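Just the one chain here, laid out as structure tokens, in the form predicted alone.
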């Protein structure tokens, strides 16, 4: 297996509505920064891939316009996944295993503010039984949270989790929600859809991110400190929500087992959990204990640009390794309703 490392990462600040920027204008600074910090000249990048969703923009092939932020002339080798950018990273990692190229640019973006994101996400549901009912993503999050609570947990656990994430987000310049909240204040708030309070739900976010992967000896020449991908895998649950236990995540546990995440002691863990109970479910699936710092960025509860939030989790984990704040990290991304699809990546520092 060919060694591949994250050598640079850049992201925009997540905002509620980026009215003064289109997708290309959001992307250009982060793409340029990621490339500049990588040590690989733009024209020498062997592969470019993006992750986004046409539904967010409301037009077909919206990802094509994103290439204006990269510069596709002279012609480049390019691909795209209609998913979170974490799955674009997975394709880039597989592409680098072929051995004919040694670097790849991965970027993702999403403007959730252009429409009703909860209704947009309903379009990914089973088209025969669920989508005709038009359940929004928050209602589905409430069903999963109730399932988790009924399995032996309490709202006090959610209060502590939310408070901890806000504490981390308060020092993250890229986070959208940075206001501190203590557990008592959280519990005093009304439900928006029982058992969810507003702080249990992800904000509507516009944002973008990019990172550069480099393989083998060329990676070692880029920097004295790299975030090596030691394992990566993704798995999926059944499409129908009614045939699985929403209080656990079997696919996350399997992906974690396959990539080695269950066999290591990580320093930090970045989990893509748009709803608070999902973070607790993921921690259990991956065997994360109290010694591990979870979501030091604040996580998706504090900034959730759809189609970029999963890649941001990998980038945040990699950045802390590159900066020397951690030596081993687990990063996770999800897609689909109620943690349907899950990707787990193990990162380790070194040169």
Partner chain sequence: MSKEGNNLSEVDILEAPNILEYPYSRSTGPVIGEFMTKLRDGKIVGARTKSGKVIVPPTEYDPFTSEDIDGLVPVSTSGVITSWAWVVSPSEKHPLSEPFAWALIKLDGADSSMLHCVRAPSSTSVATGKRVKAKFRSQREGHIKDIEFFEIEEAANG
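Numbering follows the first chain given and starts at 1. Worth saying up front: this structure is predicted, and the values here are computed from it rather than measured.
Another form exists, predicted together with its partner chain; not displayed. Remarks below refer to it.
- For the three marked residues, 43, 64 and 77, no heavy atom of any sits within 4.5 Å of its partner chain in the predicted complex.
- Contact check for residue 55: a non-hydrogen atom falls within 4.5 Å of its partner chain in the predicted complex.
- Residue 182 falls outside the set of residues with a heavy atom inside 4.5 Å of its partner chain in the predicted complex.
- When contacts are judged by a 4.5 Å heavy atom cut-off, residue 72 does not count as touching its partner chain in the predicted complex.
- Although the partner is absent here, residue 99 sits far enough away that none of its heavy atoms falls within 4.5 Å of its partner chain in the predicted complex.
- Heavy atoms within 4.5 Å of its partner chain in the predicted complex are found in one stretch of 262-270, 226-234, 200-208, 241-249, which is 241-249.
- Residues 139, 140, 142, 143, 146, 147, 150 of 139-166 are found to place at least one heavy atom within 4.5 Å of its partner chain in the predicted complex.
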